[in-house]
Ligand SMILES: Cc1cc2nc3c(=O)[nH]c(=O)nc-3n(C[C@H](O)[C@H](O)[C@H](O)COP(=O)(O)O)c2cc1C
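Form predicted on its own, single chain, as structure tokens, below.
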């Protein structure tokens, strides 16, 4: 594979929306829809994003905010930014070498990058590229032995953080993929051939570098990646087994229930990862951001919570932190940026998010990320309760 260039500037990507628009033009429809698509009618995915638009922040003035820090502490380590790169399967579909670009960005900005079990790169390759910034995400599929062998490989390679994803007992129907005939490995019929031919930049570069595959399922052990196979092995008994087996930090991803979060905390997991899988699993799921403060209340103020689903800007990151997250992970926007302009696009998106977080903090009158609490929201919690009581009294009087 061609080695990525050094990080350089972008002249096209200034926001997630820019990256999305360019990616939609440059990627074959088959690939773009795989990245953007969600479960069912895609109501949940849209609701995740729209809900952030309804959350408001309260500016404050005349505070001394000339010096600000966006560094954030999580599970005993300080990261350079309050967000990292979420686990995503087959990232190299967005652009050849995507995993390596993500690894380089993680090291450059000192943030975590989480390698999916279904990644385009091997566990060992990713650790060579990103080192201690690399986390590993585990799906428990049709072979328990294979799943545990991935855990052992991650531990042997040097990984210190393992994320167990538990919200995919069965992969949901994604209608766009069905319409487009998306399969892993690719099945090329006339429709797919025309789609690729109409997008020569992506197609020729991918042809030169070789089509992506699920690298961790092709190690000569007879276990092949089945994208639609059951992943229901991640049950409570397995969590206990994994906690005893894995010596590093253990995070459980895909949690949307307060009761589940408490049980996971009590099982000895080091953090809960609040996520509805970006709307890719249950189309009727509530917005993940609405569940975050409920889960924060359930697990207490000091237990680590990680969040994703619906984040599209630096201000969205601030809102998630204000509502109870200790750290935020970002998925689709990263792939859109890579598809739009490879490494330059990814770097531009990182810079945009980081800059917007710092600017928002200045507007809010704060200088460190640990000052991002519910008090920066409008209305703040105490005022919100007063407003709610007033509305109830007015309703009672009118009736």
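Positions refer to the first chain, counted from 1. Bear in mind that the values here come from a model prediction, so they are computed numbers and not experimental data.
Below: the form predicted together with the named molecule, not depicted.
Note on the partner interface in the model of the complex: the residue among 100, 296, 253, 319 having a heavy atom within 4.5 angstroms of the named molecule is 253. In terms of contact with the named molecule in the model of the complex, the residue from 111, 88, 154, 292 that brings a heavy atom within 4.5 Å is 88. Only one of 200-208, 307-315, 75-83, 240-248 lies within 4.5 Å of the named molecule in the model of the complex by heavy atoms, and it is 307-315. Residue 96 falls outside the set of residues with a heavy atom inside 4.5 Å of the named molecule in the model of the complex. Shown alone here, residue 345 lies farther than 4.5 Å from the named molecule in the model of the complex, counting heavy atoms only. Remark: residue 335 counts among the residues lining the named molecule in the model of the complex, judged by a heavy atom distance of 4.5 Å or less.
The named molecule is not drawn, but in the model of the complex it has a heavy atom within 4.5 Å of residue 330. The single residue of 151-167 lying near the named molecule in the model of the complex is 165, the criterion being any heavy atom within 4.5 Å.
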